[in-house]
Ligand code: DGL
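Below you'll find only one chain, the form predicted on its own, shown as C-alpha cells.
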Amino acid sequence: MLVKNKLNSALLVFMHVLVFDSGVGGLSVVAELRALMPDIYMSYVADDAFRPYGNKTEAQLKGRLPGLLQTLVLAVKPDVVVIACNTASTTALSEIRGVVQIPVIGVVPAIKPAAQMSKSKTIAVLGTPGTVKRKYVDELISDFGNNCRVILHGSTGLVELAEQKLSGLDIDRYEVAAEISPMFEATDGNDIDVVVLACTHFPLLLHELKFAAPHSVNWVDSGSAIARRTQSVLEDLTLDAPPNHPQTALLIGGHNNIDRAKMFKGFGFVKTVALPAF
C-alpha cells in the first residue's frame, strides 16, 4: 500500500497487512480497509480448522491463538496484524500481543457509538456466545453503555450462515430470523433501536438481518473504525520494498474450491491456498 509517512510526507512506502479471522467474517473488515485505502496490500488467514470460535472456551482460545499468530507472522511477514474477530480479540488479544513483535489491532464491539445513537436507550449486542459472555464486553457496557438497557444475544448459527452465503450457497432468510428472534422477544426487546454486530461475520448478512428484524433498527459494527485505526498505525511505519507475491487467502484446514476462490478474489485476494490443519 502507498501511504505518506508522518516523518517524511514525500516518502512513499508499501505496507503489508495480515487480516486474521476464524473464517470469512474478517472479509467485512477487509471491505472497510479497501474502501479507505484502495491500494492496500493484504494477506488473509481463515482458521477453518478451529472454527467456530464462538463455542470454544477461553482456555482453548488462549491456548491456540498466541502461538498460531506468532507462526503466521514469521511465515507471512506482515507489518501489521488485524485480528478481525471479536471473540479472539475479547479473549486473547493481550496474549497475542505478548508474543508478536509488530502492531496487532483487535476488534472492539461498537457499544459506545450504539449507546450514543440510541433514542430508546435500549440496545442489543449480537455476537457469538463466546463474545457476549466475556468480561471485556461487560466492562465496555459499564464504561460506555450510557445508561442504556443492553440485551446480549449469542449465535453460532449466524456464523455458519455467513460462511454458507460467501461460499455461494443459498441461505434461508427464515433461519436468520430464527437466530435473532430471541433477542427481540427478550424483556425490553421491543424497545431495541440499535443492534451492535459484535461478530465480523454478521455484517455479511446485513441484508438478511434487516429482513428478519421485527421492526426497524440501526445496525452498527466496528469495521470502519478498525480501518481508520489501521490507517493510523500504518502511517507510523516504513518499508523499503513491496511484497513480491500476489495477495493471498490462506485457509487453515479449509477446503478450496472454485466458488470459494471466486469469493476471495472478489475481496482482492487473487490466490487462495488451503493449508493442512495445525
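Numbers for residues come from their place in the sequence shown, where the first is 1. Because the structure is a prediction, the values reported are computed rather than measured.
What comes next is about the form predicted in complex with this ligand, which is not displayed.
Taking the partner from elsewhere, G223 is found to have every heavy atom lying beyond 4.5 Å of this ligand in the model of the complex. Taking the partner from the other structure, this ligand in the model of the complex has a heavy atom within 4.5 Å of a heavy atom of V159.
In the model of the complex, P52 approaches this ligand with a heavy atom inside 4.5 Å. Taking the partner from elsewhere, T91 is found to have every heavy atom lying beyond 4.5 Å of this ligand in the model of the complex.
Partner proximity in the model of the complex, defined as non-hydrogen atoms within 4.5 angstroms of this ligand, places exactly one of 167-175, 79-87, 134-142, 115-123 at the interface: 79-87. In the model of the complex, just one residue of 115-130 lies within 4.5 Å of this ligand by at least one heavy atom: T128.
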